[in-house]
Ligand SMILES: Cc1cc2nc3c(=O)[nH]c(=O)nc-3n(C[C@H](O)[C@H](O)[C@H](O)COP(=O)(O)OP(=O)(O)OC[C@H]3O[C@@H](n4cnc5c(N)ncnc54)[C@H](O)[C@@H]3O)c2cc1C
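Shown next as structure tokens: one chain only, the form predicted alone.
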Amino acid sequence: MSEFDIVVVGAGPGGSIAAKVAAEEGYTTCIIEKENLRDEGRYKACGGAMAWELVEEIDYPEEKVARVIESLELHHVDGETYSKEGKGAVVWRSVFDKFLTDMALNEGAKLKDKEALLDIEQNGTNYKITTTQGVYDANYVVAADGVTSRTLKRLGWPDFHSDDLILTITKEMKLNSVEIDERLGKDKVHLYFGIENLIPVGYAWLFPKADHITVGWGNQINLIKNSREEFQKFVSLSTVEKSLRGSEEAVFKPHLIPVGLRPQLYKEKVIAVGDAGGIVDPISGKGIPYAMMSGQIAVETIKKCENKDRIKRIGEYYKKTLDRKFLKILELKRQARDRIFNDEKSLKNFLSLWETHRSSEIVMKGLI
């Protein structure tokens, strides 16, 4: 049995940042990841769009950016288009996530990849974690293994409500960069909306990379009747069909995204971060920065409570810090999401406001 102060399950953005901070703080730290993290990482079904501020914050090498973007084009299926200016990046999540994991390893964290968690059980005040390759003992566990977290399922944590889950379908379509530039623009990403004729609660997207277009679709899971047929409705739109003409499918993958908090974020030295905790923007589905911040806050909270001899208050402090940083806004966005997708008028009003305002500003000022 290998013993660690903190075992992080999942090598995504939340898990890797949690492991990095834990190692920096002097904790013996291990990341358990079910997939093989080769040099190029492992594929993650995700558009990979992010604000340029995040690229700068972590000194992400620009040569690893798949495409620099300058605007977000918001299309309604009736033909109306709204344009939101702002610099950002589109990345391959495999490359981005591997970069973050390497940051953690450089600080001294250990990586156990190609090891799927089979079981986790309390062992006194610690946890015994059994994987396909070994057994580990952890004083604390950071669950960063996504919305379907096996860690939290095995521990009997409550699951998400069905109206807080979005089913997405992602396709990676290979196409030469010249045609991508001509069809979608060199520096634009595209979102598609339409409650009645496309997606009742959600949106679809075309995100250009260097020589691929990420094609995505996401709808509230309990409103889906036939996901493949509904996805096909999107790719059959004339503008989308023209954009993808002659491209070759490289990946087809469904994926779940939470758009509401898990009913529980902490219990008995186990702490949920990122998608595992439902810490995602309910309107845009943006999760990368919140995963990273929650991973950092999780470990900082553990350290703070140990220093103050208040271990039993980790959960309380974690939630309070998340609330102060961004969680209250995300909860308000979850309420606003229902109003936005109530009807086409409300949706178009939001898209119009989104052109010139941040979504948090729209919600906080009560503009919708």
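When you see a residue number, it is the position in the sequence shown, counting from 1. None of the values given here were measured: they were computed from a predicted structure.
The following text describes the form predicted together with the ligand, which does not appear among the structures shown.
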### Message
Within 4.5 angstroms, counting heavy atoms, which one of the listed stretches 201 to 209, 238 to 246, 75 to 83, 103 to 111 is next to the ligand in the predicted bound form?
### Response
201 to 209
### Summary
Exactly one of Arg262, His190, Arg93, Lys269 comes within 4.5 Å of the ligand in the predicted bound form through a heavy atom, and that residue is Arg93
### Summary
Among Leu152, Ala291, Ile297, Ala138, just one has a heavy atom within 4.5 Å of the ligand in the predicted bound form, namely Ala291
### Message
Is the ligand in the predicted bound form close enough to Arg42, Gly47 and Thr170 that every residue in that trio has a heavy atom within 4.5 angstroms of it?
### Response
yes
### Contact test in the predicted bound form: Ile283 vs the ligand, heavy atoms, 4.5 Å
no
### Task
Answer for Glu115 alone: is it within 4.5 Å of the ligand in the predicted bound form, judged on heavy atom distances?
yes
### Message
Whether Glu35 contacts the ligand in the predicted bound form should be assessed with a 4.5 Å heavy atom distance threshold; does it?
### Response
yes
### Task
Mark Val142 yes when one of its heavy atoms lies within 4.5 Å of a heavy atom of the ligand in the predicted bound form, and no otherwise.
no
### Within 238 to 261, the residues that have a heavy atom no more than 4.5 Å from the ligand in the predicted bound form
His255, Leu256, Ile257
